[in-house]
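Given as structure tokens, the chain that follows is alone and in the form predicted on its own.
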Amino acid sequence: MQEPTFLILTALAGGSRHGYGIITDVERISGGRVRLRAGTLYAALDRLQGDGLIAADREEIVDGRLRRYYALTDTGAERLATEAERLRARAELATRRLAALPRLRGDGSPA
């Protein structure tokens, strides 16, 4: 799963959101590293909806403009949980291997 997809699904795991809400939540979740553009987001939302991972939740008119909200489906939650576990296991492995490395001094030589 690509990182933007993971972050979009993670944002929606927090509850139903409209496009701009997803964009701002993804930026917050990623610590500012990922900034989705509207075109990229809506293409991803269309794909995720087509894959059954998200669904349109509701629509409302705000300042004369349609605001569509999206929600995570059960299938989307399952896929997100699977991906989160996969990432957790890889991070755990990396942490174990890093802990096993010989300690280095500031000059790069073994301590």
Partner chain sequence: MRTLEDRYRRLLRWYPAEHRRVHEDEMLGVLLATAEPGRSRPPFSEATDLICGGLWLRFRYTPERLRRAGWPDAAALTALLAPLLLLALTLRYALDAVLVARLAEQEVVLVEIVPGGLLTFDMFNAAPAWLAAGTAAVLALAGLRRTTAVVAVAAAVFQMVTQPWEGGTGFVTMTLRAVTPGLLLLMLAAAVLVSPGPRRAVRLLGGTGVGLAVVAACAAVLAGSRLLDLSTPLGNGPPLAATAVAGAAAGVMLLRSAGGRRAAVVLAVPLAAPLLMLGWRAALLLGAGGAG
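Model, not experiment: these values are computed from the prediction. Positions refer to the first chain, counted from 1.
This protein has a second form, the form predicted in complex with its partner chain, left out of what is shown; the following refers to that one.
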* Asked: Should the three residues I23, A38 and A43 be counted as contacting its partner chain in the predicted complex, with contact defined as a heavy atom within 4.5 Å for each?
  -> yes
- Task: May I ask you to check whether R86 falls inside a 4.5 Å heavy atom distance of its partner chain in the predicted complex?
- Result: no
> Just to confirm, A81 within 4.5 Å of its partner chain in the predicted complex by heavy atoms?
Replying inline: no
_Touches its partner chain in the predicted complex: R47 (any heavy atom, 4.5 Å)_ = yes
Is R33 near its partner chain? Define near as a heavy atom within 4.5 Å, in the predicted complex.
no
